[in-house]
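Single chain ahead, by itself, as structure tokens, in the form predicted alone.
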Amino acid sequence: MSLHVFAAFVTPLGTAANNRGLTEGNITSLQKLVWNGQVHTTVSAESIRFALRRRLNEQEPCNRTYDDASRANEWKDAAFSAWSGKSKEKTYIDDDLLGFMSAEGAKQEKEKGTAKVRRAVLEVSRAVSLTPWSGDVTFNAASPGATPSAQKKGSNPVPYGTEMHATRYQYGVALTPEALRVPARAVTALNQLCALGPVAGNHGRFLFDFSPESVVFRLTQEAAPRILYAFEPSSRAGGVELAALLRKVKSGDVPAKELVLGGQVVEELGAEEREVLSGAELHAGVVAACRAACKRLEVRKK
């Protein structure tokens, strides 16, 4: 049976805010959704994938890279020729993990269009704020001439507003290593997800740290993740807990032996919770937990 790898991540506390605009009366808004009946802010899976691709490119060449100077994507193999049935070319890690799609319409009437498609083996969920958004907004004023494109006439400051959210974000991933052209890339993916840095957040000059503060891995032969969005705010200000996950372990839906936990959430476990998680690997740090999860993958490969 196939081994599936699932992970739930939660970031440290940070301040999210969107790119600010300098148009009078404009409010730069955060993306939002209703979650458990309340408004939460959210960060797209595409943003996380974009940040991950940059990390992957530091480990081995990627097919798609972003050029900061030209502010455009560049392709090494835009035709994905390495994925044709008879090709012996080496595939790129980002295509292998994150998939691709290249569609072309029919050139003549009655002809069919073509599409080259590979489903992402590494699936990433949308990140959701751990706490509801209370509506925090700042009102500011940019001085005349602050940028070459702003306030070209007059000498009055330019007012603008920005939505903000001081929160943590949580998201999850799913991965089946044997579905990869190079299964060892699963280890690379987990390591880079645990070392993720900036993802979306504020204007390019600010930073929201997406490196996980706590993580839960589940390595299992069951296809259902059951651990995504496992984190909840705890009664301690700024803390996190795993009440729903503990209930699933207690009920037998998630065997404890399939779990590897790391980070602050482990530090906050009480004696009773540790008893429920008996059989799971518990680590004080995220990096140690990631190493343990990767080791399970490598042991299985042997």
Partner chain sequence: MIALELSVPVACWRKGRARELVETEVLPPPATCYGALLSLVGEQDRERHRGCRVTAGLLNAPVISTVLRTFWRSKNLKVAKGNDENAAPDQQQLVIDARLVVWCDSREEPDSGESLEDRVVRAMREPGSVTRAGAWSLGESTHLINDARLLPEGRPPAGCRAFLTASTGALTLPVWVDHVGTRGTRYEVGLLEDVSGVPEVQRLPRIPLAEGAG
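Worth saying up front: this structure is predicted, and the values here are computed from it rather than measured. Numbering follows the first chain given and starts at 1.
The form predicted in complex with its partner chain is left out here; the points below concern that form.
Asks: Is K88 one of the residues lying within 4.5 Å of its partner chain in the predicted complex, judged by heavy atom distances?
Replies: It does not: once its partner chain is placed as it appears in the predicted complex, K88 has no heavy atom within 4.5 Å of it.
Asks: Using a 4.5 angstroms cut-off on non-hydrogen atoms, would R119 count as touching its partner chain in the predicted complex?
Replies: Residue-level check for R119: yes, a contact with its partner chain.
Asks: Flag I227 as yes or no: does it have a non-hydrogen atom within 4.5 angstroms of any non-hydrogen atom of its partner chain in the predicted complex?
Replies: So I227 counts as contacting its partner chain.
Asks: Taking heavy atoms and a 4.5 Å cut-off, does K112 contact its partner chain in the predicted complex?
Replies: Heavy-atom contact with its partner chain at 4.5 Å: present for K112.
Asks: Specify the contacting stretch among 154 to 162, 70 to 78, 191 to 199, 132 to 140, defined as having any heavy atom within 4.5 Å of its partner chain in the predicted complex.
Replies: It is 70 to 78 that comes within 4.5 Å of the partner.
Asks: Considering E232, E213, D95, E123, which brings a non-hydrogen atom within 4.5 Å of its partner chain in the predicted complex?
Replies: For this set of options, the contacting one is E123.
Asks: Sequence order please: the residues of 248 to 279 with a heavy atom within 4.5 Å of its partner chain in the predicted complex.
Replies: Going through 248 to 279 in order - heavy atoms within 4.5 Å of its partner chain in the predicted complex - there is one hit, K248.
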